[in-house]
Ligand SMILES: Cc1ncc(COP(=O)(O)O)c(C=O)c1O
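Next up: a single chain in structure tokens, the form predicted on its own.
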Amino acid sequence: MTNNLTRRQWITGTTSAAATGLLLSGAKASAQTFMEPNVNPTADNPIRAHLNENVYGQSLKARKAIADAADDSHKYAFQDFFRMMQLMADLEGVEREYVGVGAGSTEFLEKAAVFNFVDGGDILLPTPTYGDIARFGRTLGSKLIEVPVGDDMHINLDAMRAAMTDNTKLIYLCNPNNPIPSIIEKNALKEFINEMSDRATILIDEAYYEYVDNPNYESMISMVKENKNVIVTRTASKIHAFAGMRFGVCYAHPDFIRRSFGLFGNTLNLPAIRGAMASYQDKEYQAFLQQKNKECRQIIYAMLDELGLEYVESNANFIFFNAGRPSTEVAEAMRKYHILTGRPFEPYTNWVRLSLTKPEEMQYFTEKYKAEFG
């Protein structure tokens, strides 16, 4: 029996059980597979530690579903669209009318910003955080109220309370946050939602929730049914590896869901729906990715501890650490080894956001980083 999984087997899933067993066993894949670690990167094939992608790619089951969908892609995807909404509702124990699906969670972030602008509201958000709401709101002309994170690098809910205005109609919280992979303690967040949602819509962006292994964290989907002014968004761009395929989901009151699709309509394509449907049910592959992410964290933590560098405990698939020098300097040095690291994030320009890729690649990164800065 061979220990190699061919590219064709990986894409089509024709070896399904055997291939998945090999995948989860940690056996070394061939150089022609997506599983092979990139320990000899080149300018054309760098280690992509800068965009928080899932570099392992989509699961075998998702790839097969996407490939098979080509036979039906001449058809409208209405029935698959409704089946996908029902699956996402069932996975979280809510009714289907509380669920919307679209081309990435960005779609729902931008819809919320549009509705806020139409209603003439300000946007309250922490900084630094994921920038889509701020970018889109600023483009529309909405007033942004940006509240710096606390000294502990966590979102400061008390400071956000103090910054609230009578005209604030949208509050954005990325949990876990990005570029700082911190979380908001679950009880504090529930208290904040209960207190502030009477005054504004609260949008919780849970793009990285699958990676969280922290008893102080909890998804806020349970709050959606209890409160009309709570929206929770998720994306398949991270653990499901759909960054280029595009799939996202929104949990919100049916009024928001109806308003969203009444204004914008259905943006999804059939292969994306079929692939996402397979991926969200492939719990075994998700468990594999979660384990690999933990291994990557420990490799980077060990290097940072050895070098005495400050970092934020990660609850996502990236690490944020204080290099003690401009992140642009780190990026330039790592680029010599064909490793891409994150862009600067104001005001933490000496901090580096490092996306966690594969354990072997993170080991390669530590060797090159210590050679430059150790």
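In case it trips you up, residue 1 is the first one in the sequence shown, and so on. In this text, all values refer to a predicted model and were calculated from it rather than measured experimentally.
There is also a form predicted in complex with this ligand; it is not shown, and the following applies to it.
Stretch 102 to 110 is the contacting one of 102 to 110, 223 to 231, 68 to 76, 183 to 191, since its residues have non-hydrogen atoms within 4.5 Å of this ligand in the predicted complex. Using a 4.5 Å cutoff between non-hydrogen atoms, A252 does not count as a contact of this ligand in the predicted complex. Proximity of R246 to this ligand in the predicted complex falls within the 4.5 Å heavy atom cutoff. In the predicted complex, Y130 approaches this ligand with a heavy atom inside 4.5 Å.
Of the heavy atoms in F256, none are within 4.5 Å of this ligand in the predicted complex. Contact with this ligand in the predicted complex, judged by any heavy atom within 4.5 Å, is made by just one of K238, K169, R274, R297: K238. Contact annotation for the candidate site: V330, N350 and V352 all lie away from this ligand in the predicted complex (no heavy atom within 4.5 Å). Looking at 200 to 227, the residues that come within 4.5 Å of this ligand in the predicted complex, counting any heavy atom, are D205, A207, Y208.
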